[in-house]
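Okay, here we've got a single chain as structure tokens, the form predicted on its own, with questions on binding and movement later.
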């Protein structure tokens, strides 16, 4: 217990725990809908696009946060026709993959042109949990509140459109407008989360807790609650372990998330096998 108490003796750790909690809740809520809508590939592309956005902002001499938000918003607008334009799955994947490749190429170009970015490249790619100040925590909290609030306002029609877009459109739900709005909200969440987790690790908090929750239950309210709980648990536990170990925070958060997902899959498989045995008995 005294060791755990040390986590709160330093302001940088308090800031990291607060920011991690905010990001975990936002990523879990948005990520749950992203997984339901089967847009994980699009979400991954937005997280990759955050990299050239940050590198380009540094090259232009403007705040890096502006680059994150601008790049993710632009990426959401570019991806929207591919995701909601009635394309085949293969065509949609090709468009999204092409955007992802171009984004990576631009990111490396911006880094090559601006040699000062090399010193902060690890932070852009893998996050800076332990370099967060109180002002960033406040900004993240405001963005997270707006993001979760928008999701809450559109939760019912968004879920309806996610599960059966054709029936939802036939009943008057603005499916295409909701699709674009969700991608913009997803881009907002990615931009905010990437500033903490980095462009490469944002996908962990967006996908793994939500995917684990959906393995455990198909009920929306319970699934969202479980996803938020998992995201908070792995984020705070990862930060605590990283404080006392030489390994980075991202490694622990990713490893813990993956371990819980594997346990959930194994547990579900064992439960299904037991039910089959009971039915055959």
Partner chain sequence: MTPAAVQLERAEAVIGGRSIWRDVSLTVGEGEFVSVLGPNGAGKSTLLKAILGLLPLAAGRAEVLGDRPGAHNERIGYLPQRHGFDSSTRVRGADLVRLGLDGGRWGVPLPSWLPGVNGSHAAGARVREVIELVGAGSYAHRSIGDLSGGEQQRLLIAAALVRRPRLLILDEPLDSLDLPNQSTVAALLQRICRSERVAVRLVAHDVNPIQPYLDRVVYFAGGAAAAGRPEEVISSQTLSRLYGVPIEVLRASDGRLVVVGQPEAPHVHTERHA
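Numbering follows the first chain given and starts at 1. Remember, predicted model here, so these are calculated numbers, not experimental data.
Another form exists, predicted in complex with the partner chain; not displayed. Remarks below refer to it.
Checked against the partner chain in the predicted bound form, the candidates 142, 104, 163, 134 yield a single residue with a heavy atom inside 4.5 Å, and that residue is 163. Note on the partner interface in the predicted bound form: the residue among 94, 184, 146, 167 having a heavy atom within 4.5 angstroms of the partner chain is 167. Although the partner is absent here, residue 254 lies well away from the partner chain in the predicted bound form, with no heavy atom inside 4.5 Å. In the predicted bound form, the partner chain stays beyond 4.5 Å of every heavy atom belonging to residue 40. Remark: residue 217 counts among the residues lining the partner chain in the predicted bound form, judged by a heavy atom distance of 4.5 Å or less. Proximity of residue 152 to the partner chain in the predicted bound form: non-hydrogen atoms within 4.5 Å are present.
The stretch that touches the partner chain in the predicted bound form, counting heavy atoms within 4.5 Å, is 153-161, out of 153-161, 201-209, 67-75, 105-113. Contact check at 4.5 Å (heavy atoms) against the partner chain in the predicted bound form: all three of 171, 174 and 178 pass.
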